[in-house]
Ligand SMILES: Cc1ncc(COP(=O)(O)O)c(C=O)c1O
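The chain below stands alone, shown as structure tokens; this is the form predicted alone.
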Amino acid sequence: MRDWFAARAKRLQISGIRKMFEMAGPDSINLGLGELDFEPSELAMKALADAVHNGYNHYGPTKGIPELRKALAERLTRYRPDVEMDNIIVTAGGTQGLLVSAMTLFDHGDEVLTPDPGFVIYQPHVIMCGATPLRYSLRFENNFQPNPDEIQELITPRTKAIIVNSPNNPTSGILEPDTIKALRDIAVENELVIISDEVYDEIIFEGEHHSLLNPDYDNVVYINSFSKTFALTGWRLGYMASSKYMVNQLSKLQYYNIACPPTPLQKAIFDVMNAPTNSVQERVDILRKRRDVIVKRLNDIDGFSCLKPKGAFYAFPTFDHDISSEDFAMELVKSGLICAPGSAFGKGGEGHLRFSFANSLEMIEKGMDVLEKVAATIPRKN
């Protein structure tokens, strides 16, 4: 029989998170999904309906409609004062922006530094482009901050880029200013492109978000999304920002990938961004309460230890039970609780479980009850 499938497809593995969902029963408690349990605001839904009725139903510019790109540029001046509309590309979600970045920048023989543990699509995107991912570690004992010395040792003449994510999925760690400076210095010294995934930048519980998009270095591709900020995961809309010479190349791949981002959704997002008020802070306050509950519950379970997330909406505790993270997650699924095994995010995630607190307090409490009962049945390591 003819081998129909490209090598890039055969090299990819099914996500470890997907396995949990396929096993789960219909009444399972879902603390595994990276999606807020809020519906879009009434303002957002009305804005979308208005956009459709007002004729925003046709092809638009490859880079996105001008009014939205201008509004996004104004938003990003908080990080880099010289950002203009021509620095912006609107994408079909943050994921598509990451893929376009990978396709534009990575080639056969290149090496790309990726966080471990890290979001599940980073390494597959590198592999799909024929490049090689090099894992740099994020460790619990270091508050999930990357080690600049380790990163410097990984770099070879073939290293093209470094992918960073702050606030981070799955760890909820936030890059500190000193770490950001160190990463930028490494990129400058070694002529690396920084791809900075900052889709959780509005979900901050303590302190403030520090962006890699900065006047000190031009070779940065900034990725963001409206999915987390406005609870619009199904709308699949995001954006990129970079230097104009980088955007010119990115936009070529953008055209051949999707032609243009969805026109009515862009207009609706523009209207939401320009409304006098939105519900982002209200949602963050709700998530903060959920975070405090789940972290306390986790730290009260024998063998578990959990840092308090400063951003995003994931708890990523360690455990000292004599079981792999995948098998632990499987046992929890059998008892009606969905979470993600740490190993789904890379070898550095082993010994962790990821729980999303983007669900209600009631579901969080019920989920932690299940975890406590199951954990008590699993032997601890000596």
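Note that residue numbering follows the sequence shown and begins at 1. All figures in this text were calculated on a predicted structure; none of them were measured in a lab.
This next part talks about the form predicted in complex with the ligand, which is not shown.
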query: Answer option from 113, 90, 212, 98, heavy atom within 4.5 Å of the ligand in the predicted complex; finding: 98
query: Heavy atom within 4.5 Å of the ligand in the predicted complex - residue from 123, 266, 172, 225; finding: 225
query: The ligand in the predicted complex: contacted by all of 197, 236 and 314, heavy atom 4.5 Å; finding: yes
query: Partner contact for residue 119 in the predicted complex: the ligand, 4.5 angstroms, heavy atom; finding: yes
query: Exercise: residue 165 in contact with the ligand in the predicted complex, heavy atom 4.5 Å; finding: yes
query: Contact label in the predicted complex: residue 94 to the ligand, heavy atom within 4.5 Å; finding: yes
query: Segment assignment from 174 to 182, 302 to 310, 141 to 149, 198 to 206: heavy atom within 4.5 Å of the ligand in the predicted complex; finding: 198 to 206
